[in-house]
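Below you'll find only one chain, the form predicted on its own, shown as structure tokens.
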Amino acid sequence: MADYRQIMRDGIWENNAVLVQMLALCPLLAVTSTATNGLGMGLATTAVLLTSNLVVSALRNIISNEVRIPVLILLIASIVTLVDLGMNAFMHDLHKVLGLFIPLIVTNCVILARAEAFASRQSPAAASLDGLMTGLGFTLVLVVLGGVREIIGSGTLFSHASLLLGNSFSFLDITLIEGYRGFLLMILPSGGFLALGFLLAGKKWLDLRKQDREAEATRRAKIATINAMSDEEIMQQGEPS
């Protein structure tokens, strides 16, 4: 039976598609010049991940092993086409900004990897949750990376948010530093590599701190157990069997 809590933890943090698996770096670095672009790309990818995992899981007993990979690619391409057409119809301005990277979701290694490694072997409920959590973890990295690059590069945050969420969300478009001339390096692809490197280092640091806390908690628990034992019990454990 699938461990839904572990699926959620893996998708968001412990097995994050970018920070751990290092997948989908091309769209990550190409579209994250602003947080708005990152959010739009992340939500589109999440929709494809969720739908493709659900469809693949539902058809897993029908698809033959001999044609499994071509069928998976065909299903993913069909779903991406629907998402692309939907964004072009309802989010045309954002669609023009993201451009070719929406159709290129078909080649995103994360989607095929989750469909092949997880969805084709799990129930539709578990596969759908895996697709949703993997997509949200990917979206989180895109938004954080885009936000960092946008703040340092132009002094704004969620610039042109109305392109994605509508005019009612234009309040998210914040100018943090008036008269800020910007730091061009962070807008360029090289700035994306730098920002991603700091994100990877930050995750590694947090993981090491968590391991240290767990090791310290284990050590304290052992000391408390020893202190609670009587001298006779300690001597009995020390005797050879």
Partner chain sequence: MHEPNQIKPPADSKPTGGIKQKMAYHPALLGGIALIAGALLVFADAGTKGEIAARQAEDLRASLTQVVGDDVHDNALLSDTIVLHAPLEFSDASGVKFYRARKDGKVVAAAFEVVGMGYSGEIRIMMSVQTDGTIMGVRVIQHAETPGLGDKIEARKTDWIKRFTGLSLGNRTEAQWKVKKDGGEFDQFSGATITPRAVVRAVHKGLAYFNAHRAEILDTKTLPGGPDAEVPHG
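Note that this is a predicted model, so its numbers are computed, not measured. Residue numbers count along the first chain shown, from 1.
Omitted from view is the form predicted in complex with the partner chain, to which the following refers.
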Answer for residue 85 alone: is it within 4.5 Å of the partner chain in the model of the complex, judged on heavy atom distances? yes
Please tell me whether any heavy atom belonging to residue 81 falls inside 4.5 Å of a heavy atom of the partner chain, as the geometry stands in the model of the complex. yes
Tell me, yes or no, whether residue 171 is in contact with the partner chain in the model of the complex, where a contact means a heavy atom of each within 4.5 Å. no
Find out whether any non-hydrogen atom of residue 64 is located within 4.5 angstroms of the partner chain in the model of the complex, and reply yes or no. yes
Are all three of 70, 74 and 90 close to the partner chain in the model of the complex, meaning a heavy atom of each within 4.5 Å? yes
Quick one: of 184, 206, 215, 176, which gets a non-hydrogen atom within 4.5 angstroms of the partner chain in the model of the complex? 184
Quick one: which of 142-150, 92-100, 107-115, 128-136 gets within 4.5 Å of the partner chain in the model of the complex, going by heavy atoms? 92-100
